[in-house]
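The chain that follows stands alone, in the form predicted on its own, written as structure tokens.
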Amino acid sequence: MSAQDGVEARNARKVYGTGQEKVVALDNVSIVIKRGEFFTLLGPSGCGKTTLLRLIAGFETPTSGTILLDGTDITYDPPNKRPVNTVFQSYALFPHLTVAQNIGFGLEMRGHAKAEVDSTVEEMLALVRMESMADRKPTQLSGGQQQRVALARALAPQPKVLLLDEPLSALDLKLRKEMQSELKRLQLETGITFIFVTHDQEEALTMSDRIGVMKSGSLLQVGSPREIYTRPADRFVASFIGETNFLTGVLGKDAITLDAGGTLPLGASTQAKSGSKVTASIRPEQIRVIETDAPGSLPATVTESVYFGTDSHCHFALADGTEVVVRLQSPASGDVGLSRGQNVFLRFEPGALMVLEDQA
């Protein structure tokens, strides 16, 4: 895509402090976020995702590097000169103003005519499905309703880019899931570029068009949720995006001879050299439990079974003690029929094993 079609960071670096107090929050990150997509920056606390968001918003300036919007350099433009709005963890609603007044506040400060403000507020109330609550104060709203008001206020000026800094973290699980669907709906209906920051991999997988995984100020991998989940770039990405099992062994031409015994075929080509010691990954849902030996299976012993409602996470020990977790769908009885100490075989889905790193 052309660099003129969205948000771009070129070699963005942000350093706080000097000498022994020096902290590199962002380390030469380059990324292009397409116009009109829902893009998520995902990573643990301190990885640099919020710092990058603040550079795009204009709340911080990079130590070096460039920030562009639609091909225009906005690196040193103040926040109020950028067609960008931000929704924070704290909704920052004015408690003395009604819902409608909160939504229209920014437009009034920009000098928009009253008729235009009223029309936009009405449109935003409909967009977030809160027409009946226009005259309520924030204290009369639930957390999810307050979040909708904050979103409507940020969307009212029709920014080119909406930045969302972990806006769902204060909500309970059920409400958070509802707001995930709501955010995606709003993004699709408005066509505005959403850049969402979170440490929650489920949020990233369910809402995003693409995900950027960050660690220690660096961008490790960018791709669709499916690409990130099924083809992680390294061990950190594999472990951070969902649950996975790591197995070690020696790489052959098209298979791995595992330290736990047995040989399993690879799921994709790898840059690691044949004969080298490697770590491979396989997801819990890509393993089946069978009672008799079969090609592509390994002997294992049940060590624990944890019931999660829709499924159970069953823990097994391989011959060398390596732990493997398998996700099994719960039957109507809720009992997957496995007992601690039971000997079974684990069948690995063909091609599901992926080499992540060369240990040689």
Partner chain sequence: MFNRSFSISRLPGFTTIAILVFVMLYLPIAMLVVFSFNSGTSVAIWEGFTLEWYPRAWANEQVKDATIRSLIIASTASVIATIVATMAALATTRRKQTRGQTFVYILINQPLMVPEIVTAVALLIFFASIKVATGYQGLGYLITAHAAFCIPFAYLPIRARLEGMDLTLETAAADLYATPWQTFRYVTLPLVMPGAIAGLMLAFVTSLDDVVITLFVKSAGQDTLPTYMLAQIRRAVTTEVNAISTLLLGLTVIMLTAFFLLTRKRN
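As the structure is a computational prediction, the values presented were derived from the model and not from experiment. Residue numbers count along the first chain shown, from 1. Rigid core: the largest C-alpha set superposing within 1.5 Å between the two forms.
The form predicted in complex with its partner chain is left out here; the points below concern that form.
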item: Answer option from H199, R185, R129, R82, heavy atom within 4.5 Å of its partner chain in the predicted bound form; value: R82
item: Contact assignment for its partner chain in the predicted bound form, among G144, G242, P284, G106, heavy atom within 4.5 Å; value: G106
item: 4.5 Å heavy atom contact, R153 and its partner chain in the predicted bound form; value: yes
item: Residue contact check: S90 to its partner chain in the predicted bound form, 4.5 Å heavy atom; value: yes
item: Its partner chain contact at R110 in the predicted bound form, heavy atom, 4.5 Å; value: yes
item: Touches its partner chain in the predicted bound form: H96 (any heavy atom, 4.5 Å); value: yes
item: Candidate stretches 229-237, 189-197, 98-106, 254-262 - the one whose heavy atoms come within 4.5 Å of its partner chain in the predicted bound form; value: 98-106
item: Post core alignment: P78 C-alpha displaced by 2 Å or more between the shown form and the other one; value: no
item: Flag for P225, CA shift 2 Å or larger between the shown form and the other one after aligning core; value: no
item: Rigid core superposed: H112 CA moves 2 Å or more between the shown form and the other one; value: yes
